[in-house]
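Read the single chain below, which is given as structure tokens and is the form predicted alone.
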Amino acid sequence: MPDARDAILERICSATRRGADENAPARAAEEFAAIARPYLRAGRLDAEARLHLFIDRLHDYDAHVVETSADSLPRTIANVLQQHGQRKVIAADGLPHEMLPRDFEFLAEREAGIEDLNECDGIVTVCTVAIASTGTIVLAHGPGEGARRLSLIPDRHLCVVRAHQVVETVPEAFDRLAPSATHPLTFISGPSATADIEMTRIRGVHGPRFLDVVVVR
């Protein structure tokens, strides 16, 4: 039986030989397509049940959830920010101006330095897709979603999720994310937390300690 070193070297040599073969990409695509996928790939819930599941999962993760309508979105965002005493808030570049409250002064992402990110009261973004079964919000960091540092450094994140962006399963989400497959993606399932150290739950280690989600029906 070959040892681990030989096995690793053989795999590297095999991959190298395969990479030199112009037909290798096509064969790799065929092999990938032939992989059995017996797991659930499409949701079975209707729109209302899917949204209810998503909100229920967010509550499980200790996220703060508010439901609103498109017309009431600016007022709802203002209420959430005021409720938590937020004054210095950074708005992701590319956010539609009509969704932000006019009586609240935001700092534009492009004007925010590292100190601003570290000292601000929070950020506002939208998302690309949300997954009901896992309570996950996905940022592809396009317009309105901010750079990765915007979603990692500040202490509070307010994310606007529209009902049509919520899918039921992870495979459905990846289907929607296909155009962004080569982009950096951020998956958010509740406020940042870890229990790696002495099994004590600590918030804010890898991102914001608080997550506010405004669901637009």
Partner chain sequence: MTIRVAESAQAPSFQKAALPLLEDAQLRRNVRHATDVIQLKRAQVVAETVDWQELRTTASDTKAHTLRYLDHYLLQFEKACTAAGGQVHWAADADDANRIVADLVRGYGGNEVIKIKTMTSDETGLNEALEHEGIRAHETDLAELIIQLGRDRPSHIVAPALHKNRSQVREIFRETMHLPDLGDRPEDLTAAARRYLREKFLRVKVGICGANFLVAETGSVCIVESEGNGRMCLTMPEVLISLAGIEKVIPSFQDLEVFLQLLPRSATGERMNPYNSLWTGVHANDGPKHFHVVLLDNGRTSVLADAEARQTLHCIRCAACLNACPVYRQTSGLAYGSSYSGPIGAIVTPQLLNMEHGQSLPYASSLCGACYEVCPVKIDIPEVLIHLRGRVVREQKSALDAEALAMKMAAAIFASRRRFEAAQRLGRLAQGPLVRKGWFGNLPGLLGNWTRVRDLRALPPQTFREWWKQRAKNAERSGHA
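It should be emphasised that the depicted structure is a prediction, and the values quoted were computed from it without experimental measurement. By rigid core we mean the largest C-alpha set that fits within 1.5 Å across both forms. Positions refer to the first chain, counted from 1.
Omitted from view is the form predicted together with its partner chain, to which the following refers.
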query	finding
Residue among 45, 51, 65, 170 with a heavy atom within 4.5 Å of its partner chain in the model of the complex	170
Non-hydrogen atom contact residue 79 with its partner chain in the model of the complex at 4.5 angstroms	no
Exercise: residue 5 in contact with its partner chain in the model of the complex, heavy atom 4.5 Å	yes
Its partner chain contact in the model of the complex: residue 147, any heavy atom under 4.5 Å	yes
Partner contact for residue 70 in the model of the complex: its partner chain, 4.5 angstroms, heavy atom	no
Candidate stretches 100-108, 134-142, 86-94, 70-78 - the one whose heavy atoms come within 4.5 Å of its partner chain in the model of the complex	134-142
Those residues of 194-217 which, in the model of the complex, come within 4.5 Å of its partner chain by heavy atom	194, 196, 197, 198, 199, 200, 201, 202, 204, 205, 206, 207, 208, 209
Residue 209: Cα shift of 2 Å or greater between the shown form and the other one (core-aligned)	no
Displaced residue check between the shown form and the other one: residue 30, CA, 2 Å or over, core reference	yes
